[in-house]
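Take a look at this single chain in structure tokens; it is the form predicted alone.
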């Protein structure tokens, strides 16, 4: 079996003890991290390696940063969109081959505010993801996993109040339409493969207004895979426990298990 997880830790240095605790508790084979908020020099390689994991990281001085942490040493690491000139993508996308799977940790931009230039960049980033996938992989043959904070809730079932949130950031129709381009290429939402009708299954909750306790959240964190991996999917679950720890990330991990 191969357990693959994703988690927006909202600062790997602030949440390092949480990460270490969770790695000991769940022992995933591989976990993709987002929003590390660290430069490569600041990333805690040593403390992660002390737990028996290898780590590759792509960060910067901003609020971004992505990593892949794995029991097996990641191979053929790439950062950003190969062949595409997008400096910010170097802090938002990292890929590596692990156990024959091309694993990607992605942090899609939040978008700032609807209609802003940064919102348009968010859409462009998703389009570039589609172009990158098309250029490098065959979805019918290759084992590809896209894991991370997509900053988009795909369907009405993925938010606590679709009427209230309609047209809002992370649930805007233009974002959801853009995300469907990835599904149309050949990626499957692992959570919905196993839980097609489940409501209230969220991965992010605002820090304010008692949102977590009231379960007013959104499903923004995803593990999407090509058909050959989808056919080997055994289980997938949202691990809410870390969101209840002291000083948590506003996101919680998602874990998928494959028969590999």
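None of these values were measured; they are calculated from a predicted model. Numbering follows the first chain given and starts at 1.
There is another form of the same protein, the form predicted in complex with the DNA; it is not shown, and what comes next is about it.
Note that among 129-137, 74-82, 183-191, 111-119, the stretch whose heavy atoms approach the DNA to within 4.5 Å in the model of the complex is 111-119. With the partner omitted here, the residue from 101, 170, 123, 159 that has a non-hydrogen atom within 4.5 angstroms of the DNA in the model of the complex is 170.
Proximity of residue 220 to the DNA in the model of the complex falls within the 4.5 Å heavy atom cutoff. When contacts are judged by a 4.5 Å heavy atom cut-off, residue 62 counts as touching the DNA in the model of the complex.
In the model of the complex, no heavy atom of residue 212 sits within 4.5 Å of the DNA. Using a 4.5 angstroms limit between non-hydrogen atoms, residue 6 is distant from the DNA in the model of the complex. Contacts between stretch 175-205 and the DNA, counted in the model of the complex as any heavy atom lying within 4.5 Å, involve 204 alone.
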